[in-house]
Every structure is written in structure tokens, then in C-alpha cells.
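Heads up, the chain below is alone and in the form predicted on its own; it's given as C-alpha cells.
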Amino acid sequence: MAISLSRSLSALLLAATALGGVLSAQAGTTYVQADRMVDVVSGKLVEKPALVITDGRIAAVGTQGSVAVPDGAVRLDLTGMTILPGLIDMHVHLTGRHDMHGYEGLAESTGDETINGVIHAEKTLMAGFTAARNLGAAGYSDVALRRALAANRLNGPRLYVSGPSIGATGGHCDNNLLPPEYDAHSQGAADGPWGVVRKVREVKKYGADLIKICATGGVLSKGTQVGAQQLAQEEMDAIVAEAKRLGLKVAAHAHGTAGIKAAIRAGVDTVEHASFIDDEGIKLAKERGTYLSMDIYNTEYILSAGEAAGFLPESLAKERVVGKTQRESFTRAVKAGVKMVFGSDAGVYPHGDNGKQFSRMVQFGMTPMQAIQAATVNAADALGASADVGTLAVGRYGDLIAVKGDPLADISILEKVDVVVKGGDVVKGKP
């Protein structure tokens, strides 16, 4: 059965590639110039920048006049524009649809979800996100998608994937929509330290880059209390210890106060949502260097369009409680200096609208530069040193975006990116 499924996924991806087109081969040299560049490391705006991309990676960075134009280089003139590193979304669900939630989602097969991923990967790239972290996917559909993207067979971001999320039986990461006679469970459902360790080993075996766990209940799961801790401290400790042995980072879905702190104590790398984090949790995150990824835009979509998208009534009720508190928590965490990354939870709301969160991050406490850093240099640090994304620096991937105007003056400019370059190839905008 597994072999048949694998062949089916491969066939779907090949068909999608034939229909959707393929990125051009990364080769040659491109000289890029623009009016301004956001230097996310120094936190400054650089006037008249220039850079050279050779064979997909940045070979030189400086200013016009200080960086020579290599013989035979293709010129990409972005006069009138500001360039930034390609953006990174640390929490997406590419295989999920924003308009199929609750019971509607039961109609989606693994094949359907793989095709969703092909479509949504391109939308994400066109929105300026040249890298993304997919947190949770059934059937390892995100692993298949990542492989196709890495092989340059599809248009989309550089992808880091978790495979199935690991969580307690009956918890947020389990399938709770069907009655007991169906005996339905998600692939990541497990209990006890050795049970969850086995799941860590399993998702690593089948190609995951990282581990996602569900430490607490959630908004969109049936029958779970959004703030209730669902994995015991011993289970989270075991997950993180095994993940570290295998060289994997761990992201923890955690809304509730106790679950957030238990996840941080266990040593997770990022806490997703962090809605009810208290002052002790903020202090712990700061002391341990734990990143928070807080999806403070999507509450607007859930409450305005959620009923039509199939959200369960209990999910809408939970979101009415969570949304305001999460934004207040975001403000406190930013003020305290906790490390933050950009995580939209796209898939809950439409893919391609990822950038709408930037203005909310500024509205609720960040400077525009901090919001951009959360989606570039901070996210790259959270991914790990081998990511080679998030900054315009020599040796990094030649991934950049360009916008008209100054995003430090108007962050909403990033909701509509004009030019996208991935690995030196212009995939959107000027030829």
C-alpha cells in the first residue's frame, strides 16, 4: 500500500509540473541594482545597492560603483525600487485549503492535499516568500512537495517540512471529527514517552526536516480546550531529546500558559501561537532563546469568513476568546525583547495573502524593521545555520524581492511584492 501511495504522489507531482511549468535552470551571472536595500543585519537602509548572483548564490554585495559588473552578466535594473532578502514564513500549511475546514476537510485525500501544495507553493512564492516552513501534513505530502521543489520541478519556496504533527490521542493533532466506530486517528497521534519517541523516529525516517508537536489544545480542532496542556512534560522532554539526537529542530503548537512553559522547558526551538503566554513564560522564552511565532492576522479571516469556510461553531467561539488575548501577548513579548519570527498560519487564511500580517505586527508593537527581520534574519537563525536564506550576503542563496517605495515607511507595501528572484532567477516581475 505504501509503495502504491508513493507512486501515486510521484505521478501527481509530475502531472502538476507538466501543467504548471518549471523554474529555469540556475546558471550564469546576474548583476542587480536598485535605489535602496534593507540591510536586515545592521537594521539600516542602504542607498544605491548593487549585488552579483552567480550560479544561484550571492557573489558580491555593495553599492553601485563599488561592485563591478562581471563580463557577460545579465543586468537586473530595479531603479525606483527597494530590495530585501526573500521573505520566510515559518508557519504555513501548503497542503491545506483556506475554504475547506471542519467536516469539509474530510473529503480531502492525500492526493488532493499534494495538489493543493503544488498550487499554494507557487502562490506563496509570488507573494515574496522564497522560503517557508510547513508545519503538519498528512501522508507526507509536504515531503513529496519539498523534494519536487528542491529538484526544481515546481515553482515555490525553499521548503522545510515536518510531516505529520505529533500529539496526544484525542488532542489537537488527532482526527476527532468521526465517531468511534471509524477508529480514526491521525498519523502522529501517540501517548507516553516511548510512544512519542517512536513517532519522532518515524517522521524522520520518512523525510521530515523538523518535528512539530501539539502541546495544547487548539482553535480549529474538535473537542479540545484551546488552552489545555495535552502532552505531559515527560512526553515533551522525550520528543525534544530524541529530535536533538537526530539533528532535528522542534516547533510546538501551544496556546495555553502551562503548555507553553512546558514546551520551553523541554527545549523546543519555536513556540507557535503562544496566545496565553504569561510573564513567566515570556521570561523563560527570553532566557532560553526560544523563538515565538505568533499568527496575529488570521483571527480577522476566521471571524469574518470562517463560517462560510466550514469552521466549526466551537472553533469560531474559541477564536473570539483567543484573538484579542494573543495580540496583547504579542505586544508584551515584543516589549520584553523576546526573539520573534514571522509565522502566518496560511492555509487557515488564503495562501498568497501571507504578507498581510506585517501591518498587524507593526500595529501591535514592532517597528517595520523588526517585522521585516522577523521574516528574514530571525527566521533564518531559527531554521539553522545551514539554511543560507534570510540575508543578502555573500554565499547565501540569491533570493530577493523588490517593492516600489520604502517598506520602512509603509510596511503594507509588502502585501504586494513587485519582483521576486529565487536563486538568481526572476520568477515574478521584470524579465
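Numbering starts at 1 and follows the sequence shown. Bear in mind that the values here come from a model prediction, so they are computed numbers and not experimental data.
Omitted from view is the form predicted in complex with a small molecule, to which the following refers.
N298 is the sole member of S329, N298, T290, T82 with a non-hydrogen atom lying within 4.5 angstroms of the small molecule in the model of the complex. Listed residues V338, L149, L220, L210 were compared with the small molecule in the model of the complex; L220 is the one with a heavy atom within 4.5 Å.
Residue contact check for P350: none of its heavy atoms lie within 4.5 Å of the small molecule in the model of the complex. Interface membership of L78, defined by any non-hydrogen atom within 4.5 Å of the small molecule in the model of the complex, is ruled out.
Residue contact check for D269: none of its heavy atoms lie within 4.5 Å of the small molecule in the model of the complex. The closest heavy atom approach of G111 to the small molecule in the model of the complex falls outside 4.5 Å. Residues within 4.5 angstroms of the small molecule in the model of the complex, judged by any non-hydrogen atom, belong to 318 to 326 and to none of the other stretches in 233 to 241, 318 to 326, 194 to 202, 124 to 132.
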